[in-house]
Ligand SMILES: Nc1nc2c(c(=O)[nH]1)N(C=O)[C@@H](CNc1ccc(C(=O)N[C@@H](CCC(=O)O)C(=O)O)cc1)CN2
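Read the single chain below, which is given as structure tokens and is the form predicted alone.
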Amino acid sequence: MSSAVTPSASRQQIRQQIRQQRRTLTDEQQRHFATQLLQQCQQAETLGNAQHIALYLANDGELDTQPVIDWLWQQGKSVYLPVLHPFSKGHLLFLHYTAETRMTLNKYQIREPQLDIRLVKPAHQLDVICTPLVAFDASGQRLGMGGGYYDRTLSNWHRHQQGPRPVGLAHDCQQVDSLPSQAWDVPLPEIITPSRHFRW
């Protein structure tokens, strides 16, 4: 079920509309959708076949990824979280994440692991990067928050289909009919929502 957006809506207008929509979800709806997302992920071969998987912690009404993280830990898989690169502006590092990881708040007030160079996993050594997004369309185009962090992280995938496989995670209400795309946008090969697993 895609959200209706005006065909002439700008990327920023779409961002505002969809972010507002997912913020209005109740705690009960969020728990229900998180459980459904886990069930979809448990059936996804991409995650089942991977050992080193980057995820993110939910923020701003995003799907709660903790149930998926708990399940991956139970499967003996290694989970990594993004950390804002301290001296390479606009880039991410990925740090190994366990239940004991010490956390801090970044400049966007998002929880991330405290920087410890011993825990960094080079992005090209990851198997899968689960990416947050604000909106997506039927062709796999992704609209992020506008910072370009994941576009930069996935640029090698975009150019050569090499490196970690990106998998988008989103509420069903974040699907729109079509997104205005730009040359640097990275279409995703897979997006998992509580009700569907899209593959392109």
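Sequential numbering from 1, following the sequence displayed. Everything numeric here is computed off the predicted structure, so don't read it as measured data.
What comes next is about the form predicted together with this ligand, which is not displayed.
- Remark: L57 counts among the residues lining this ligand in the predicted bound form, judged by a heavy atom distance of 4.5 Å or less.
- Proximity of P132 to this ligand in the predicted bound form falls within the 4.5 Å heavy atom cutoff.
- The closest non-hydrogen atom of L84 lies within 4.5 Å of this ligand in the predicted bound form.
- Put simply, A44 is far from this ligand in the predicted bound form: not one heavy atom of it is within 4.5 Å.
- In summary, the region of this chain contacting this ligand in the predicted bound form, judged by heavy atoms within 4.5 Å and restricted to 66-74, 148-156, 35-43, 167-175, corresponds to 148-156.
- Heavy atoms of no residue among H160, I192 and W200 are located within 4.5 Å of this ligand in the predicted bound form.
- Residues from 91-118 that approach this ligand in the predicted bound form with a non-hydrogen atom closer than or equal to 4.5 Å are L92, Y108, I110, in the order they occur in the chain.
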